[in-house]
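There is one chain below, alone, in structure tokens, taken in the form predicted alone.
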């Protein structure tokens, strides 16, 4: 098991390095002069040169990339904001918990609603329960989360006054962002759970268990669900990456001061250190979730654990 986790950690390091190189290259190729944006058109050549030299923007691509990777991964330095002239890491440390709370809450809602919906649809295949669940799943997956967020603000905040329209001053402020960020994941998990359960229902060992007179609830909990969980866990693992991408917009709509809002402000202001650091932090979050999914794989499927245990014994 330790070897399995170690291999996944190595892959996570390579993924983060690749993400850092990619986002740095994309921003490096963006047309325009950053110094002109911050100093204005009236700035002198000397002022622009001083600005570029201060932040290392006058160096060649490889030199800038090397300094960025060295500072990020070896020194833990996320850079200094062009606009605010403050360390980016200080602002990120304040915002990361909010983004994590929103993302984890969406994952929990996805699992608590999506999996039971899929199970109910599979256990009542071709009945009204199945049709209702799949119609709801199709509706949830078809509605863009930003449109749903805007409609919720209009209905529940402005017209009915049930929830605050923006900010995180109250506990109820999180209700609409979590719902808006969860609906697509609920639909995906419901459909995946239904498909996996239908494959397991037709398996010979399920028929045998029922023939032996095992209670239907035990058949579902101990035989069907554990064997259908791996594809579902995959969906739950991929879901956070999609949630993060969508939650960037959700944070902007509900004015949540998280990493997504910080990154969008960096994009608006050509503040490259903010954008690069935010993307890397979001990649870390996604990589950690996928690592957790891999560990759950090994727990659910003994074949994965046995594979790495066998390699260790062979050596």
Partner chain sequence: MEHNNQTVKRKSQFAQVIERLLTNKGAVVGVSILLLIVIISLVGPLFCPYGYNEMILTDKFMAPCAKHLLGTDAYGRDIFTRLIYGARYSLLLGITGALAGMAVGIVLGLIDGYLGGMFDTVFMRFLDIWAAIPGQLLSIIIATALGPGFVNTIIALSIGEVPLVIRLLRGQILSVRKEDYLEAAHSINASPGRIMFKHILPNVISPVIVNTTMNIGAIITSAAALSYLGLGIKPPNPEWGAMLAAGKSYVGVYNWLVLYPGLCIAIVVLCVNLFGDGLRDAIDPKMKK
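Positions refer to the first chain, counted from 1. This structure is a prediction, so every number in the text was calculated from the model and none was measured.
Beyond what is shown, the protein has a form predicted in complex with the partner chain; the following relates to that form.
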| property | result |
| --- | --- |
| Candidate site 65, 89 and 232: all three near the partner chain in the predicted bound form by heavy atom within 4.5 Å | no |
| Interface segment, criterion being heavy atoms within 4.5 Å of the partner chain in the predicted bound form, picked from 114-122, 173-181, 95-103, 132-140 | 132-140 |
| 4.5 Å heavy atom contact, residue 37 to the partner chain in the predicted bound form | no |
| Contact test in the predicted bound form: residue 45 vs the partner chain, heavy atoms, 4.5 Å | no |
| 4.5 Å heavy atom contact, residue 275 and the partner chain in the predicted bound form | yes |
| 4.5 Å heavy atom contact, residue 10 to the partner chain in the predicted bound form | no |
| Stretch 188-204: residues contacting the partner chain in the predicted bound form, 4.5 Å heavy atom cut-off | 191, 198 |
